[in-house]
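Next comes just one chain, in structure tokens: the form predicted on its own.
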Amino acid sequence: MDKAIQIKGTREGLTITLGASSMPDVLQDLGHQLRTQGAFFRGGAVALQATTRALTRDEIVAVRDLLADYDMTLRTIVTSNDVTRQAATQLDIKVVDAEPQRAVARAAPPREGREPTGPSTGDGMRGMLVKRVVRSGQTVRHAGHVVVIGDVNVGGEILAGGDIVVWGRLRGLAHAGCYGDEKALVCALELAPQQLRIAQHVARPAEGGRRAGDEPEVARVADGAIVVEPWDQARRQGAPR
């Protein structure tokens, strides 16, 4: 079954786009995605892309309350529909006209353990630069790409909506493409993670607990599975983006 919603990070924050499914299906799909990835989304401000869809006050409240269960705030509704606009205004939710379409959610303020975001990357995602060692028990979460200058120790976690690049040893958990981007990459000077994830794909401990190679390596998804190859080989082959 096609997803009733799409969740993605943009340079401004988090956007949820509604499909054409019925509202019960929308809420079911949203609940499923929040249950499976809620730790990554937690604390975010959301822009709801409703475009021409008519949403009643009760339907907007249902979405808002579901987001609140995961410490998320419905900040903006993007719509060209008068019914939706009126309902959102009654709930004191900011309304932005859907033409021209824009990603309007503001990024959540930095939480403890998070680094400020950096300049935008070429594909529109805002990158995060982390200039420190990510130690056991620490987690770095970001909607775009994450670059770590330092090691990621066993027990440390990096969760990114885009690529992950570690200029050092990656020995903790790395989850690139958290929003479902199968083209995301994980790169490290020494790649020996406890667990490696790209989108919905997982390298199990038997694979993820591998010994690092003698040269920088890149992990990517190929033929439905995570593969790891030398950095130079991936560059020659043109690792997909």
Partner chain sequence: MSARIITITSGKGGVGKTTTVANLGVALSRMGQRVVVIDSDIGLRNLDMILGLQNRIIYDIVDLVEGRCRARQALIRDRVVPELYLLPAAQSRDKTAVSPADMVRICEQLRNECDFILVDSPAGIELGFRNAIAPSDEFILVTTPEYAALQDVDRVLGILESEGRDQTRLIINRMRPELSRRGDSLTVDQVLDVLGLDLLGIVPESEDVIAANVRGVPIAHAAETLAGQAYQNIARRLLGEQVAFIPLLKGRPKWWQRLGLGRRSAGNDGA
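Worth saying up front: this structure is predicted, and the values here are computed from it rather than measured. Numbering follows the first chain given and starts at 1.
Same protein, other form: the form predicted in complex with its partner chain, not shown, and the subject of what follows.
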Check your understanding: Taking G19, R53 and T79 together, does each of them reach its partner chain in the model of the complex with some heavy atom inside 4.5 Å?
Key -> no
Study note, to complete from the structure: Partner contact check in the model of the complex: of 67-75, 80-88, 129-137, 157-165, the stretch with a heavy atom within 4.5 Å of its partner chain is 129-137
Point to revise | Residue contact check: R171 to its partner chain in the model of the complex, 4.5 Å heavy atom | key: yes
